[in-house]
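We begin with a single chain expressed as structure tokens, specifically the form predicted alone.
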């Protein structure tokens, strides 16, 4: 889903070219493709898609590592106690500290705050999809379960190339966010107001070609550059 980047010399570099990851939702029967009745119901219209969910591999690995270390240490100490050996010094110290320190102690408050922050972080990870750098695309009527996403840098590169094709624009900078596209252009010639109108129209057309599920709003700022 990469339109014509424009004339030679102004194309995207390999690192700026957009990439579109594709995934397919499993059907109700467990197969990858949609059921025939579902396709019949959604034929003739695209399905609004949402941002794909991140796998959260790093947070999951960190939590699993912490739980594994704590469980192994506790299990080893319990086995040692059952074998007739005294409990480990760290467990005796921890038990005494929890039994003797008041609730308003600095270490107790700090530990509770850290545990609460970690819990809120995990809840936020569980309830949010992540992958904020990816913009979901609309599904087609032929493949309503096929999900595709476009990264923001690739979308910004395509929009920047479109902006440079507007007569009068000498340089352009485009930043793509979830709900807004901010474009700044330097005008070398022509009336800046006319250039702004043309630039807004061209960027709107290029944005529509991207087929984003939630098209962001176009915000254009121009300035006269004579030097």
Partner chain sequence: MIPRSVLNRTLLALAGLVLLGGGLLILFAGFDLYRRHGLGPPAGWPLTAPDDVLLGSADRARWSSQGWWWPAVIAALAVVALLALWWLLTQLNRRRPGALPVGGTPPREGVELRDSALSDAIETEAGALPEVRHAAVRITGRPAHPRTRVGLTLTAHGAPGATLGALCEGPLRTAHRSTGLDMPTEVRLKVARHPPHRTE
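Predicted model, so just to flag it, every value in this text is computed and none were measured. Residue numbers count along the first chain shown, from 1. Note that the rigid core is defined as the largest set of C-alphas that superpose within 1.5 Å between two forms.
Below: the form predicted in complex with its partner chain, not depicted.
4.5 angstroms heavy atom contact with its partner chain in the predicted bound form for residue 59: Yes, contact at 4.5 Å.
Evaluate residue 116 for contact with its partner chain in the predicted bound form, applying a 4.5 angstroms cut-off between non-hydrogen atoms, and reply yes or no. It does: once its partner chain is placed as it appears in the predicted bound form, residue 116 has a heavy atom within 4.5 Å of it.
Applying a 4.5 Å heavy atom distance criterion, does residue 219 contact its partner chain in the predicted bound form? Heavy-atom contact with its partner chain at 4.5 Å: absent for residue 219.
Using the partner position in the predicted bound form, report whether residue 84 sits within 4.5 Å of its partner chain, counting heavy atoms only. Residue-level check for residue 84: no, no contact with its partner chain.
What residues of 154-175, in sequence order, lie within 4.5 Å of its partner chain in the predicted bound form by heavy atom? If the 4.5 Å heavy-atom criterion is applied to its partner chain in the predicted bound form, 154-175 yields 154, 157, 158, 160, 161, 164, 165, 169, 170.
Cα of residue 91 displaced 2 Å or more between this form and the one not shown, core superposed? Residue 91 C-alpha, core-superposed: shift of 2 Å or more.
Quick check on residue 132: with the core superposed, does its CA move 2 angstroms or more between this form and the one not shown? Where the cores coincide, residue 132 shows only a C-alpha shift between this form and the one not shown that is less than 2 Å.
After superposition on the rigid core, does the Cα atom of residue 77 shift by at least 2 Å between this form and the one not shown? Moves: yes, 2 Å or greater.
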